[in-house]
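Single chain ahead, written as structure tokens, the form predicted on its own.
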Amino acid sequence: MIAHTGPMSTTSRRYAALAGITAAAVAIGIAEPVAVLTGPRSAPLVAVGGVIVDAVPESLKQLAIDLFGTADKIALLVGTAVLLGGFAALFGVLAVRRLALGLAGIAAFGAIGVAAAVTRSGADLADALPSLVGAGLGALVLWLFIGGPFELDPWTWSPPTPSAGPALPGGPVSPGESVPVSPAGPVPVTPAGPTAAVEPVGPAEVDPESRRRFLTGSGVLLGTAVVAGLGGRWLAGRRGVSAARDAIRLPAPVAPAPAVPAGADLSLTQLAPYVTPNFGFYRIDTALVVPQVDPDTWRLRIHGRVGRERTYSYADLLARPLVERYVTLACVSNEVGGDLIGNALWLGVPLRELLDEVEPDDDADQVVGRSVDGWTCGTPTAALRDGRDALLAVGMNGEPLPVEHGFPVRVVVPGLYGYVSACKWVTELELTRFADFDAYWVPRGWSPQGPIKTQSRIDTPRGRNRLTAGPVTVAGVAWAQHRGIRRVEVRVDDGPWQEAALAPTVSVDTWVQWSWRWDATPGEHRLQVRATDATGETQTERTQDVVPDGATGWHTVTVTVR
């Protein structure tokens, strides 16, 4: 391989960039099936993405949630891949100048992948293998294109054709002759002597045979990378825990949930159902790939400031008396009027009983839940022992927990935002103090404790709907978990507040549907809603962002009536 130092043609640069991108694609694609052996979290793209999730400013995370909602993780992985592609293209161009530069770039990214994989919670040295294998093969591919059998020849310059000089009158000029070219006198002609090497001038195009060989090789390698990447993902899914989950038969609860009263679900178009189906339940967490936890090997350790430490298996939990409760969960990132909220039927063990068995110290005011991937949340100990239905849940809507919602075991606590309570894939509960430990979100600007605020939402009509003058049903949901909703009011165009009708509900731990009949008149109108909880506190008009402890304000929609 000859290092080139002059200008490259546009075509050559494009092929060099494609060489770098192909090398990166092979590195990422081949790493996926290797990660089947070491765990999906060790795949370079996922490992680096996880570090990005932990490291980026909270404002950027919230922006991602606002823009992409529950697809924020896919957007992050795609964005990471695009960024990697840009750097890979640069490495390809640099490698034409000097192969060592391109190889150094690949090695650097391999090192980043290794560092990201082995420093994640629960990782070991084997997690470095996907990045090492991927970087090695990526470097090999770059060499094949820049200095090996697929090399474009030439990548850059062709010598210019020497010029015979300007035509002079009088015919050929012999060495040593002088010819008159101006009134100033004759111009001496210097002997040319042996033909000297001429510096290359200007970029050359890639020759057709090299182009064909390059495109064939890159096509084969890119196809291999795609097949390997998708195949690795498929194998990882096959090795997951779905089969183990499907084989579980949950025992009947000793304390079934109260039946949903007639009329609790108004069954209106656009109105969220009273019970959210599993497939439609929101998911917000930091896991870029869903943890696959084998229920046979799962263990829960309860330790810290306790009289005696205890460890429970999945079988231990299923053998205990289980209770069933409807509980509405809400994300602290839910904007006013947002949909990061859902109501489900949960089956589990009361956390109060488990905590009583370990005998917490009197000063242990925080219970830190740890997920299998290292994520933490800090829950007030009092909220787990004050009589509310805080559960170590194993079931959701009549079936084992979905894998993406925490299978085999997660925490459910009424009245607290998920970031301080809803630990999915939980493996540890540590009794400690708020003064001694800050859970995952606290150093990132969120409040240590997060009681759910009284909120309400208009589901129908939707903003910018066009309605027909006459009777219109305005309806939505309101919630104040563990306190309950006493009243919901609606107003039109800053007019007087009108009380809406509340549908029946199971308990104070779930949301409630409401409706109000409006005699709509032609024109553009603004609808607003507010709720009052069972303590008498009315939802505040003051607008506040989700940070640090949840959004506030009145949900407002604008509609047009014809």
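Keep in mind it's a predicted model, so treat the numbers as computed, not measured. Throughout, we count residues from 1 along the sequence that is shown.
Only in words, not in the display: the form predicted together with a small molecule, which the text now covers.
Segments offered: 283-291, 484-492, 452-460, 268-276. Contacting the small molecule in the predicted complex at heavy atom distances within 4.5 Å is 283-291. Site annotation in the predicted complex: the residue of 410, 388, 305, 120 reaching within 4.5 Å of the small molecule with a heavy atom is 410. Contact annotation: of the candidates 365, 72, 373, 324, the single residue with a non-hydrogen atom within 4.5 angstroms of the small molecule in the predicted complex is 373.
Contact annotation for residue 405: at least one heavy atom lies within 4.5 Å of the small molecule in the predicted complex. Heavy atoms of residue 300 never reach within 4.5 Å of the small molecule in the predicted complex, leaving it off the interface. Heavy atoms of residue 102 never reach within 4.5 Å of the small molecule in the predicted complex, leaving it off the interface. Under a 4.5 angstroms non-hydrogen atom cutoff, the small molecule in the predicted complex lacks residue 241 among its neighbouring residues.
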